[in-house]
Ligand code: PSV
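Let's start with one chain on its own, the form predicted alone, as structure tokens.
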């Protein structure tokens, strides 16, 4: 039986009320590629500016209460910077979110961090992660998001098995220092910056390491960290089934790890992932998934691109929430392939923008966050204030 319009709105509103997505501090800063970067006048260059931008996104979307922090970039002095972060939390009504250690910029990590063949380097890397845990404890942050670039570029130059053992030992040590409510999220990536072998290359390796580390370890899925033809929603289903899904870093990509805005290339993929999560929740699986954005905006305006991403995530989340999963289950059971696919696709093609607009209006939010951003003058104001720090000399001048 077809739902009434009010029932559909209530279902959509319930889904939106429950959906929160974390935004990254580095998404507001000037970043680039290995070839260079193009600066933006509005880019944030201080932690206070990042919190200010995050507060603007939260004001417009109502869905981003936390800001992911990178220890080296945002807390260069480690735990000594915690009081500054706490003051910024209070000033901007934005909480510190996941804490991200930096295991890829120290010169000592040339041949690896937690997997380095040098004992002292591994100890140094573990110490940095333990300090990151202490930062998270003092800020009340649940999740420590761990990505390491460790690997090798040439066959025969490293012992793959020894590095597995070193990594297992390091993660057990790290896990032992977690607080009772903290989690260790272990990210994987098939290549880059290592191009022969990466020490945590896929979700199977990450799952194994999570089990070896301890009961508070989970897998972190970055949607850009897969080969182009990989079925990410199948990975999500397996991680849900095994109780190992901890969170996401959402972005989009055409080739690999392109950090493009969510849904700009393949929104259907994100819809399919969200469907698996909704289906799992309806089956009683509630793993406390951390929804996070991990994007670096080099050409789009940074604040505008972040708002665009959050709005897209909300729309795709609602589309997936509105799948008639009871009817879909009946069609799946009877192997009515065309009808099942059409029901599924129909939810994806549904225009939910009137529903998300109505939800925002009911919650006192701007009906169109992007339009509100363009009209409220925030970007223009911060561009004037920050332009002096973000000016570069043209090479052709």
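Numbering follows the first chain given and starts at 1. Owing to the predicted nature of the structure, the values given are computational and were not obtained by experimental measurement.
This next part talks about the form predicted together with the named molecule, which is not shown.
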### Query
Of 233, 257, 89, 212, which one comes within 4.5 Å of the named molecule in the predicted complex, counting heavy atoms only?
257
### Query
Pick from 74, 294, 199, 315: which residue has any heavy atom within 4.5 angstroms of the named molecule in the predicted complex?
294
### Query
Within a 4.5 Å heavy atom cut-off, is residue 302 in contact with the named molecule in the predicted complex?
no
### Task
Using the partner position in the predicted complex, report whether residue 249 sits within 4.5 Å of the named molecule, counting heavy atoms only.
yes
### Message
When the contact criterion is heavy atoms within 4.5 Å, does residue 189 count as touching the named molecule in the predicted complex?
### Response
yes
#### Entry: Contact test in the predicted complex: residue 143 vs the named molecule, heavy atoms, 4.5 Å
no
### Candidate stretches 272 to 280, 80 to 88, 131 to 139, 217 to 225 - the one whose heavy atoms come within 4.5 Å of the named molecule in the predicted complex
217 to 225
### Message
Heavy atom within 4.5 Å of the named molecule in the predicted complex: which residues of 42 to 71 meet that condition, in order?
### Response
70
